[in-house]
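We begin with a single chain expressed as structure tokens, specifically the form predicted alone.
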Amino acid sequence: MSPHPVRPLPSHVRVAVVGTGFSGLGTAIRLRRSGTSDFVVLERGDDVGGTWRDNSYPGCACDVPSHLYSFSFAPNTDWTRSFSGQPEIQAYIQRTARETGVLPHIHFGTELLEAAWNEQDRRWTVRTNRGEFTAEVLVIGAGPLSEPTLPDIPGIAEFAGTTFHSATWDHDHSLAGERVAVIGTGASSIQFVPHVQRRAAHLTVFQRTAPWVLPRRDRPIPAWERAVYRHVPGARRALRAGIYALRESWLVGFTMRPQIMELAEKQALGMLRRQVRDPELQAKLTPNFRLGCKRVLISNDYYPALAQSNVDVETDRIVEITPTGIVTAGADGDRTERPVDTIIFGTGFHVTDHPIAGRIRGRDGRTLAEHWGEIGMSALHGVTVSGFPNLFYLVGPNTGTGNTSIIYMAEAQVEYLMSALSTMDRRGLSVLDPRPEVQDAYNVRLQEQLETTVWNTGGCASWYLDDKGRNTTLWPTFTFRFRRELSAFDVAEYKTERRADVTVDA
């Protein structure tokens, strides 16, 4: 049951925001601080937090330092670790929502079913599980890590044991004494695998590709240091700026001089050799692509967990799941079934094919998913999409980062939205729709910049790339350039319509 009261939906609002993760919540806070009250936030869950509410698996934590992974306008001087865990991040989000006064605008237990642009009224018709209303502007803050994905393995539905995804962890299910299988070796898996290993009788980790793993430079932040951040002017800002600068410097290796990554690769391989003594297991865990091509993982206990006697790392291809186990096929075609009691999927999220895009219909009646299905995910400045007027898609195409805090990028997009709303008010506009030729030219330049990056050339298949091999996920250069690009709203990039041209019911 939600701890928040259920409120009736309005019949019409100026702005409708979807989601209460960092981007959606940041939008609500910025709207309120600007003096705007005519907005609602739709949240399908029973609390704020987005991915930090949903992902509560053991060991869940951020891999960006806490003092950077937070709102710039809502500093937290009391982070207890340099890399915070999920409970502390979720508590920060909850506290920020409460202290900024946006909770009365949030409708919990309210899921967006469809949003369709009404060409006649120049409004979005928003249909939810709790009713329908209209909005002049639609802001999608659902985020790319909101919809878990499961592998397409024959027999998965017939498994007689317990299954769950890391994002929907079954805390009521005990793993003690069980034979557990983990499918996937991404960012979530390396965090929960050590916890599973300590509880299970036997653990089999099914690995398709060995990831690069670097040491996690985590430490507790002592009380005296937290006191400095509270009482010494500028101390926390200086730390945040230093972390940001260091993270930005990694872009040199990712995008300009991929060969620089050889130094980090030597460090990662050195840690692997120290923590895993068995040569055969070392070989299985040695990546075969350039560091940075996939998401770089950080952990101090993943390799030691895999080296324990109750763990096997299986690299043969999974061909089937039976009611009692998982069947693999070796290079020679021989099939082997491994009996398991529980399967945990650490298989990530729908990042290049956002499911919510199938619920948004533009001017021509097609969904955003249908539109992107032809050309791949793309947008102008990663925020607005031609043919979908007054839609602002936060943390959208090519706004992700492989090195730093996504919150920095989200804040830049929120400011761009605020500038657009101000432009609409100042000029009396009812419609903003990106010019297709401007959007196309923007994305051609962006893809050209991505061509030589390690994400495109590093020799791996990652979730940064869509099914056509196109990088629709990451921003190709320094994030301060993204913020500068979005610092001013250029109305000339948009087809516009004035409010005087439109007559609508109040």
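Each residue number is its position in the shown sequence, starting from 1. What you see is a predicted model; the values in this text were computed from it and never measured.
A second form of this protein, the form predicted in complex with a small molecule, is not displayed here; the remarks below concern that form.
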inquiry  = So the small molecule isn't shown here. In the predicted bound form, which residue out of 455, 475, 57, 39 has a non-hydrogen atom within 4.5 Å of it?
reply    = 57
ask   = Among the candidate residues 75, 151, 387, 304, which is the single one with a non-hydrogen atom no more than 4.5 Å from the small molecule in the predicted bound form?
value = 151
key: residue 187: touches the small molecule in the predicted bound form, heavy atom cutoff 4.5 angstroms   = yes
ask   = Is residue 349 close enough to the small molecule in the predicted bound form to count, meaning some heavy atom within 4.5 Å?
value = yes
query = Would residue 361 sit within 4.5 Å of the small molecule in the predicted bound form, counting heavy atoms only?
reply = no
inquiry  = Just checking whether residue 294 would be counted as a contact of the small molecule in the predicted bound form - the rule being heavy atoms within 4.5 angstroms.
reply    = yes
task = From the candidate stretches 189-197, 105-113, 325-333, 232-240, select the single one in contact with the small molecule in the predicted bound form, where contact means a heavy atom within 4.5 Å.
result = 189-197
